[in-house]
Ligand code: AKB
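Next up: a single chain in C-alpha cells, the form predicted on its own.
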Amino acid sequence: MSKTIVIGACGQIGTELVIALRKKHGNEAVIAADVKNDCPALLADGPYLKLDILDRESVRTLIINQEIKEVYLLAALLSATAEKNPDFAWRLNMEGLFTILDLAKEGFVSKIFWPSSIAVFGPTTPREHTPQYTIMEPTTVYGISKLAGERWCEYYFNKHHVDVRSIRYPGLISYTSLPGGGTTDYAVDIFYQAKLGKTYSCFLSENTALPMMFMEDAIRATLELMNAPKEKLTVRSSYNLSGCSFTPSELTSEIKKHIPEFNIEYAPDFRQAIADSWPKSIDDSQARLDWDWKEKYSIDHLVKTMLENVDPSLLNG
C-alpha cells in the first residue's frame, strides 16, 4: 500500500489536509508528522509521528523505510513569526525542502506538495489582480524563503524531473485549528472575539485589502492540483490561487449582519507593513485553465460558516 505523509500536520493547513487525505486513502495510509509531542485529537484516528524536519537523517530514514511515496511538506515558520527569528525561519523553511526534493531526485518519493504564499510578492508587484508571472521582490524572511523555494522546485523539476507541485496560498480562514503566526490571522481571530461578545483589536488598518480563502477551498485546491495529470501542469514554481479579497472593515460589516452588537477597533502594528507589501487581489487564471480551479466560498458564505462553527474554547488550549 502506497503511503502518504503530511509533515507539519498539526498546523492550520496540516490538520484539515490530513483529515481530507485519510477520507480519500484510508486512515492507515496517511501518516501525520510534526515536531510536537502529541497530535490534535482530530488526527488521533491514524498514525502520528514526532518528527523534526531539520533532522535530515531521521526524515530520510523514515521515508525510505516506510516506502512513503507522496509527501506534503507544510513545516514552516509563517510571516509574522519569521520576522522575529529570521535565521531559524530561513533554516526551517529551506532545509526541509531540500531534504524532500533530494529524496525525490533519488527516486524514493514520487510526488511532492510544497506550499508557497502571496508573501513572495512585494511592494513593486502590481497589487490589483496580481498576475501569475510578475515582479517578485519580497521584503520579509518568509517571502524570501518562499520565493527561493519556488525557484528550487522549478529547478528540480527541470533538471531532475521531480514531480513537485505548489500553490501560492492567500490568507487562509479555518475553524478547525488556531492560526500559526501569519499576517492574515486577524481574519480568523476576529470570529472568536465576535462569538465571545468582545471588542476585537485588529492589528491591520480598516481598509487593508488582502486575498483570502476559506480552508475548505484551499484543501480542495490542493487535492485537485495533486490529482491533475502531470502533462496539464504548466507552472512548476507555484500557482496563483484566489478565493475572495476583503478588508477588515468589510469583514466586520459582514459579521455585524449576524452579530449586530459586535465592535472592532484598529491598532496597526508591525504586520501592517507586511500586509502593505502584499497584493490586494490575485489573478489565478492559469490555475483555472490548467486544472479547472474554481472557488466555492464568497465572503458571505465564509462568514456564515465560520460563525456557525467557531469554538471559542479552543483559545484555552
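One-based numbering along the sequence shown. These numbers were taken from a predicted model, which means no experiment stands behind them.
Beyond the structure shown, there is the form predicted together with 2-amino-3-ketobutyric acid, which is absent from this document and is the topic of what follows.
- 184 is the sole member of 166, 130, 184, 208 with a non-hydrogen atom lying within 4.5 angstroms of 2-amino-3-ketobutyric acid in the predicted complex.
- A heavy atom within 4.5 Å of 2-amino-3-ketobutyric acid in the predicted complex is found for exactly one of 214, 142, 191, 246: 142.
- With a 4.5 Å cutoff on heavy atoms, residue 242 does not count as touching 2-amino-3-ketobutyric acid in the predicted complex; it lies far away.
- At a distance threshold of 4.5 angstroms between non-hydrogen atoms, residue 97 is out of contact with 2-amino-3-ketobutyric acid in the predicted complex.
- Mapping the unseen interface onto this chain, residue 104 falls outside it, with no heavy atom inside 4.5 Å of 2-amino-3-ketobutyric acid in the predicted complex.
- Interface residue remark: residue 149 is not counted as part of the site for 2-amino-3-ketobutyric acid in the predicted complex, having no heavy atom within 4.5 Å.
- The stretch from 149 to 157, 169 to 177, 131 to 139, 193 to 201 that comes within 4.5 Å of 2-amino-3-ketobutyric acid in the predicted complex, counting heavy atoms only, is 169 to 177.
- Along 190 to 221, no residue reaches a heavy atom to within 4.5 Å of 2-amino-3-ketobutyric acid in the predicted complex.
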